[in-house]
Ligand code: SAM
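A single chain, nothing else alongside it, follows as structure tokens in the form predicted on its own.
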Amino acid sequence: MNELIDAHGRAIRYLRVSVTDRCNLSCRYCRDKDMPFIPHDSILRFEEMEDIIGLMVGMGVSKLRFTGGEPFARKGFIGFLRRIREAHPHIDLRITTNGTLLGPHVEELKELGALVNLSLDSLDRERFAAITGKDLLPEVLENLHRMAELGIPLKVNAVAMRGQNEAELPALAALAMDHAIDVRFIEFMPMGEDSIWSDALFWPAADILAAAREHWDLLPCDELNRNAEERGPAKLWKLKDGEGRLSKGHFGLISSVTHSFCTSCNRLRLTADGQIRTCLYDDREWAVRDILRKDGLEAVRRVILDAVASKPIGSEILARSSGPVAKKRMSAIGG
């Protein structure tokens, strides 16, 4: 039985857990290189995350995604993943990573049955360094190809920014031609205080789709798109090139601004410092770290139920705003 039903009738099945706000990159749309990190003492211990996850699995959560910052920047993360898999062998286990620190862990990710989302906005080394602040594209590509060779379920996510990585669309999407990879372009969301988001940078999904059709025929994947709750909010296509070859993977669009999926949102977020956040666009948070340490899991359960009952329709918040919404930047929320 799912206890996590909000006031709009949405059943919460998906928990995103930020294990750290620390990252070895400084992507322009995510965090400033001078942003202070959360003090170590304020970060949830892995054991505390395990307790909260166990509680929420019992309340109806069936999908877990671990994010950051960069999750592999936190010491002991792979051991934490092992314990989660052992405790919840049937859970849908996913990780979002920038791919720079995966090298020592690729084989174990395969053994754990984890699905990996790789954030990659450019295949041009100079542009990659300009966006992320680090010249680490070769390491990312090496790890991407190792995961593809091992058959790790892999999605490549590119934040679409007009005038920044428009020219990258053919090369990035072509990854799906040769590999069983979903390459998804995500509309740049107007998130965070002092965000670089602007109308000039915003590249809407309709325009991205038109650009893709200049290079390939796009064949809709109707059955996959009908299972959006399980597969996520991306709308997917097979690519067909001029020689009639079909892509091994898929091209996808996540139209998080122009065609929001907020009315069917089934997720909560647990931030690295122990806050339950019900919506990216809503800065309201429910603190559970200190409650867990003082009063235990039953008290945390009550807080989670209160949070779920107050979960808003995020697109309504966005519609009331003329610019970026929410004060926190993505790196502090977990994406």
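One rule holds for the numbers: they count along the sequence shown, beginning at 1. In this text, all values refer to a predicted model and were calculated from it rather than measured experimentally.
One more form of this protein exists, namely the form predicted together with the ligand; it is left out here, but the text below deals with it.
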Within 4.5 Å of the ligand in the predicted complex by heavy atoms, the stretch out of 260-268, 81-89, 236-244, 181-189 is 181-189
One residue of S255, T96, N143, N165 in contact with the ligand, assessed in the predicted complex (non-hydrogen atom, 4.5 angstroms):
T96
Considering non-hydrogen atoms and a 4.5 Å limit, which listed residue (L172, V159, I208, L137) is close to the ligand in the predicted complex?
V159
Please check if S122 has a heavy atom lying within 4.5 Å of any heavy atom of the ligand in the predicted complex.
no
Should L4 be classed as touching the ligand in the predicted complex when contacts are defined as heavy atoms within 4.5 Å?
no
Partner contact for Y281 in the predicted complex: the ligand, 4.5 angstroms, heavy atom:
no
Does any part of V19 reach within 4.5 Å of the ligand in the predicted complex? Heavy atoms only, please.
no
Residues of stretch 69-89 in contact with the ligand in the predicted complex (4.5 Å, non-hydrogen atom)
G69, E70, P71
